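What follows is one chain in structure tokens, specifically the form predicted on its own.
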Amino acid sequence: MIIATKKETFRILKENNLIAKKGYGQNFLINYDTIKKITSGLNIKGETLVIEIGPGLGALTQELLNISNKVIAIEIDKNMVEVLKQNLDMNKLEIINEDFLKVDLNKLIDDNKEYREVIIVSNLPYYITSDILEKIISTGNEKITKIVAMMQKEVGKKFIKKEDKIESFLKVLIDNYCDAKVITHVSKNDFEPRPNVDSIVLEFNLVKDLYNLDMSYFDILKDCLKNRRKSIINTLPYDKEYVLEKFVKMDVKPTVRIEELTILEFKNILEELSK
């Protein structure tokens, strides 16, 4: 029985005396066509480990099990864990009942070292979309080749938009490490309960390090973004007089703020300061 239908979703919820929990951002997908669109381009091979974040009732998990050798589903809600065990083939499924943000992703991948590639798939709770994507991309594990994630439409549109200036820490991660594209748009009517906004499914291919950014770049970037209203001269971990001297040499105005710079401009400033 296909889980991603309104009838089957209602049946599972009723039989298990469950309701969607707003605190976990639970909205269950009831359109199987969307499931097919999400999975059709994953290019899963025998050596591919699939990690799903927030499987819920298992609508997407069910299809992932049909096309892969192993799926690790990370689910924070213990009630959903019991539902998954009841309705899915456990031979290829491992369930971890934990908050994904607390999971040691590198250790999880190392524990499954027989798999040479990792693809992460998720219908992301809207309130922690950025935190989850930031965690995955900043992990820097070379086995992670792709993230396919459903999220709020307006949020997703920002991630694929080409920006000249630094907007957020996550956007810098995406622009530097990912090729992002739209897989499909999803109507709010395709969920139960129905959310207030439409969704979008994005594919992030982790295939590059476009600007060759090191960890010191990201550490300083975070500090500057925390104080984005200040000029960066008041945030950079260098003597102000020294910074001013370098700014004159580079023709950078002393009042410049982080959001006025591009990724490459900020990199050039840091490289000049570190000389």
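Residue numbers run from 1 along the displayed sequence. Just so it is clear, the structure is predicted and the values come from calculations on it, not from any experiment.
Keep in mind the form predicted in complex with ligand SAM is missing from the figure; the text below concerns it.
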property	result
Ligand SAM: the contacting residue among 59, 206, 220, 243 in the predicted bound form [heavy atom, 4.5 Å]	59
Position in contact with ligand SAM when the complex is considered in the predicted bound form, options 76, 148, 151, 136, heavy atoms within 4.5 Å	76
Contact flag, residue 125 vs ligand SAM in the predicted bound form, heavy atom cut 4.5 Å	yes
Interface membership of residue 177, ligand SAM in the predicted bound form, 4.5 Å heavy atom rule	no
Touches ligand SAM in the predicted bound form: residue 110 (any heavy atom, 4.5 Å)	no
4.5 Å heavy atom contact, residue 29 to ligand SAM in the predicted bound form	yes
Partner-facing stretch of 138 to 146, 112 to 120, 93 to 101, 168 to 176, counted where any non-hydrogen atom is within 4.5 angstroms of ligand SAM in the predicted bound form	93 to 101
